[in-house]
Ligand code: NDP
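Quick setup: one chain, the form predicted alone, written in structure tokens, and binding and motion questions come after.
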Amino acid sequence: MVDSTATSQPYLTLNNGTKIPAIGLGTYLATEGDCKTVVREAILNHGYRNIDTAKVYENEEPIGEALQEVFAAGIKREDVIVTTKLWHSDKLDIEGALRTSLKKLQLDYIDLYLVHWMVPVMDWENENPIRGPPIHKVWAELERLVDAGLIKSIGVSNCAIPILVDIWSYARIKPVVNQVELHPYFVQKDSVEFHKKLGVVVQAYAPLGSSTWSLRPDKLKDLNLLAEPVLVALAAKYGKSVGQIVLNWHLWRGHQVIPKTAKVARLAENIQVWDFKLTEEEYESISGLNQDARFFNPKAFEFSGWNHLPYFE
């Protein structure tokens, strides 16, 4: 049985005319066995129609297995938006990286392919650590792969406004989304408004604040949206969970949101968040929790060649 949520949930229209569900399923840190089960259940029984993954998440294979099972059960391929991402170490062979993802996902095309981080290939053990290529060459290759039918839509992730504007200035095929960290502690009001003017949908990752993320700066480690008094009070008033209140706030702001969970029991809660409205004052009170608190900052990363890069500075 296919859940009616698939047809009743809200959708957003991208700048190339593609419609994408306002709520997707994030899979970062999902384990192999749990990931396959959660993705299958999300699509078949809870109406999810956007699955977000990435090469670096190391779960494209179980997601591919789950996709084949749901397609065999009657879900149409064209009704599921599959997102994956290009890691910076693969930018010297973008087609090769894409075809590897396609093989793992058992797909003929990727619906939405994102540049995961806007940095070149870096090797800090090399005398010349910045190996390229420049972003305009990366983008031209992505456009070629769209023309070849291997990708439907292209976008960016963790992309600062100046880089996004630069891409926009020369892109034949415009980026349709920018996937960035967004939550009530990190509202990014001006950035979100600029994306709206440009016609680029903002995808919110870590939409609930990712309280378990281990690389938070020390000064931010005690922040916990799920315990915020204003959110707890609103949840009690509306008979919802705190998570549902926060996800509803994201929809009010026009974000496409991709909450992640490895728990089947949480799937229904995370997607049933559009059938109620708070007052304008209540939405603004949630925005008022903003502390410009960026939790995902490469300056704290040692892995994957980051070498504590001051990416956002």
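Here the structure is a predicted model, which means the values were calculated and not measured. A residue's number is simply how far along the shown sequence it sits, counting from 1.
The same protein also has a form predicted in complex with the ligand, omitted here; what follows describes it.
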property: Interface membership of R49, the ligand in the model of the complex, 4.5 Å heavy atom rule; result: no
property: Contact label in the model of the complex: K260 to the ligand, heavy atom within 4.5 Å; result: yes
property: 4.5 Å heavy atom contact, E269 to the ligand in the model of the complex; result: yes
property: Any non-hydrogen atom of P184 within 4.5 angstroms of the ligand in the model of the complex; result: no
property: Region of this chain that lies against the ligand in the model of the complex, out of 261-269, 39-47, 278-286, 64-72 [heavy atom, 4.5 Å]; result: 261-269
property: Contact check for Y28, A206 and G209 against the ligand in the model of the complex, heavy atom at 4.5 Å; result: yes
property: Selected contact from V80, L226, I173, A97, since only one has a non-hydrogen atom within 4.5 angstroms of the ligand in the model of the complex; result: L226
property: Contacts with the ligand in the model of the complex - residues in 146-162 whose heavy atoms fall within 4.5 Å; result: S157, N158
